[in-house]
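In structure tokens, one chain follows: the form predicted on its own.
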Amino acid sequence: MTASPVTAPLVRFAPSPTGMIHIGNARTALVNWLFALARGGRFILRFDDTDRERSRQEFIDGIATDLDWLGIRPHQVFHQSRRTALYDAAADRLRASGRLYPCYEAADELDRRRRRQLARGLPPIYDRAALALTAEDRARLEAEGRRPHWRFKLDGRSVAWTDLTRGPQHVDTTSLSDPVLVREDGSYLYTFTSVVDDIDMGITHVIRGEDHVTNTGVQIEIIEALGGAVPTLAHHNLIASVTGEALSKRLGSLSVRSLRDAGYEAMTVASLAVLVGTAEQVHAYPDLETLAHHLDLGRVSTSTAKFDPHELDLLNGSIVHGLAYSAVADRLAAMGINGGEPLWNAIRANCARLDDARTLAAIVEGAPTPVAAADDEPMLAIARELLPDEPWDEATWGAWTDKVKAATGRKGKGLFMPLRRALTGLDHGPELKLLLPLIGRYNSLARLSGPFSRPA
């Protein structure tokens, strides 16, 4: 028997452009991208921009920029605001089948009903009173100026699916209110537009946060009512701050844009966003292709993941230390750093973020103020006299300091710290065997001659 061909997955990320995306949103986008990447699939970016008042072009542009920085390259981009005709047709089909019905209650009226139900010990779900309205009742209400919102009539059953992350799941829709799919102004809610788009686009896998589990029961019923195929589902855990606060677009300090502006590498953010809260060790991977093969939805915890910014610093240092010069040459040039590969190789192990290269490169390309204690100046004068002629290489530092040690009797910290302070103006930094050839004999002579500032 010939095996059936395996269909490459088609996934989507559907952000609302009402603010900046944060690391929790990035988690969902990245998990979808990596899932498709590892399986030769495709990724759709679909802007849920039907909220006319809050959706803004600046947020659409910002989200696209953030995803591109993370390395996500959508195969297609859609805007729900441009797909209204598709939603109109789907809503008409549900109306014709009796699954979408008009309701005229105002918000305060619904709130009073919920409070009465709670007082009677009943679940505060919609009582479907609108189904009892006659055509005359509806005409009278509309003549009074009321405009209907439209609810989807749930089957009231146990909706089950096997979740790639959470295993067997079910939602009892008898415990839920019939969801509103169309507002009074005729605009559509995400619950509906998402389903219609998933069917139309042929989405095979819906991977999203666990806060959508209940929505899934509702959406499966809508999918089936429209004759669509239910996609494979996965609901990953959410990310909270270390204080336990849920992430939101108002926490601008954890937005992807703010992390990028703070100097973190894209793969630092991607690695932590994807692996935190999973059984995989959080490790800074060099690229998304490698990270994709370490993502297993079945090993994602069902507990909330805690995001610790301190982990970003640790991961970022390990990534920067391993970056080849070819990977950073353009960025260094944009900073005005022109020392080339030898300079980068000398300073990268001391860069927690690439921006640190500005300070460290200034040791070579700038004019740091030499620092020396008064009792170190005689030793520095001897060191100046013993400074060898060029050319210099990595062995020069060791050969020179051996001669200074023999001539002065200085050793260890008493030898190396005054030399470092005089040559770099710092108490610590890159290896001097790498820096010395870059500083050069002319600059070294000048720095060993002073004038010195005294250490604080």
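As the structure is a prediction and not an experimental result, all values here were calculated from the model. The first residue of the shown sequence is 1; numbering continues from there.
Another form exists, predicted in complex with a small molecule; not displayed. Remarks below refer to it.
Of the heavy atoms in Ala14, some are within 4.5 Å of the small molecule in the model of the complex. Though the partner is left out of this view, Tyr190 does reach within 4.5 Å of the small molecule in the model of the complex, counting heavy atoms only. Contact annotation for Ser194: at least one heavy atom lies within 4.5 Å of the small molecule in the model of the complex. Under a 4.5 angstroms non-hydrogen atom cutoff, the small molecule in the model of the complex lacks Asp51 among its neighbouring residues. Proximity to the small molecule in the model of the complex, defined as a heavy atom within 4.5 Å, holds among Arg208, His149, Arg348, Arg260 only for Arg208.
Note on contacts: among His212, Arg99, Arg114, Arg83, the single residue with a heavy atom within 4.5 Å of the small molecule in the model of the complex is His212.
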